[in-house]
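One chain comes next, on its own, written as structure tokens: the form predicted alone.
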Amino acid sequence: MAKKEYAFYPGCSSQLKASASNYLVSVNAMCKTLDVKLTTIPDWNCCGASISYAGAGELPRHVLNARNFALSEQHLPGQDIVATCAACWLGARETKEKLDASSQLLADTNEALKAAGLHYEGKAEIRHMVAVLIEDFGYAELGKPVVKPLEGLKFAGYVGCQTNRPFGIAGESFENPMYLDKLVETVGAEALTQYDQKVTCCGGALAFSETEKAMKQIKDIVESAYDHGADMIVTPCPLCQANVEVYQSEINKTHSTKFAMPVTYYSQLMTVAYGGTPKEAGLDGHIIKPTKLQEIAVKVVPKR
């Protein structure tokens, strides 16, 4: 039996063969080291993310999330629901808060779920993987499996919007959350604590419809990382990772810059520090290769 067990909601982007599949690969490797069992919610559906806000209406949006909650309660009773995607976690957490606060919305939601033979009891807790790591393990415990400290690497912790506002991680400042910096330090790297873009929006889905505005945001995020001496950016959000990595080439064309800043996930840092291979850390899934992290990953684990 695993040390910790959770109901897992992978979301569309983080599932295997999707845009952030390397995130899931590294999360699985990290969890294996920490003796965490993630059981995927059977027959889970998309949380709705951006599109449900645009045209679906409030009730359908909450029913989408509540269906996942009800399935989790039915198949994985007593287990907290954990999401790795910031957008999935934010949308699900909002639904949970609103259903808890409104008996009418809860009744309407369950009326809709009845057609699928489901009922939401309101028992499931919705958590982001980062919160699980910090609250259920703690930094000291997370540091125990480190066999390859990421010494000499400097990381700009880019938190972004969705894991920070409006809910955030318990006990953290909205203006200057420190949990990414602490995770970086836990695995032996240097956290650039004065990085001033850590909670700036990357533009999110507006990168598709308002590309120039989003690129301005992304340029500031990357430029500040360079200015602070970062080797890499680290983030907990798949959309932030994709936007900040993918649009660097377009920014280079538009502004004659030479950006090539790798953008990694906290779980990749942890997997490498725990002795994982480049493949186990999902380092082969990047457009801008995190070369310095790869170099540490291929080193032989020192004998203790």
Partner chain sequence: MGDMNIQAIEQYRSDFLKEVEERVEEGHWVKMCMQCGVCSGSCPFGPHWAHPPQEIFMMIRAGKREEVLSSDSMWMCTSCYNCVVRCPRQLPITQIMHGLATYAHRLGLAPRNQPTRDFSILFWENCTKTGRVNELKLTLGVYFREGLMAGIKKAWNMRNIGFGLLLTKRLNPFELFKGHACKDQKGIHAMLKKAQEIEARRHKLPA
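Computed from a prediction, not measured in an experiment: that's the story for all the values here. Numbering follows the first chain given and starts at 1.
Note that the form predicted together with the partner chain isn't included here; everything after this is about it.
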May I ask whether L64, K98 and S249 all come within 4.5 angstroms of the partner chain in the predicted complex, judged by heavy atoms? yes
Within 4.5 Å, heavy atoms only, which of V147, A191, L106, A205 is in contact with the partner chain in the predicted complex? A205
Sort through L76, M178, C201, I134 and report the residue having a heavy atom within 4.5 Å of the partner chain in the predicted complex. C201
Quick one: does Y139 come within 4.5 Å of the partner chain in the predicted complex, counting heavy atoms only? no
Taking heavy atoms and a 4.5 Å cut-off, does A49 contact the partner chain in the predicted complex? yes
Looking in the predicted complex, any heavy atom of S102 within 4.5 Å of the partner chain? no
Within 4.5 Å, heavy atoms only: does D35 come near the partner chain in the predicted complex? no
Which of 122-130, 179-187, 229-237, 155-163 has heavy atoms within 4.5 Å of the partner chain in the predicted complex? 155-163
Residues within 4.5 Å of the partner chain in the predicted complex, restricted to 266-288 and counted by heavy atom: D284, G285, H286, I287
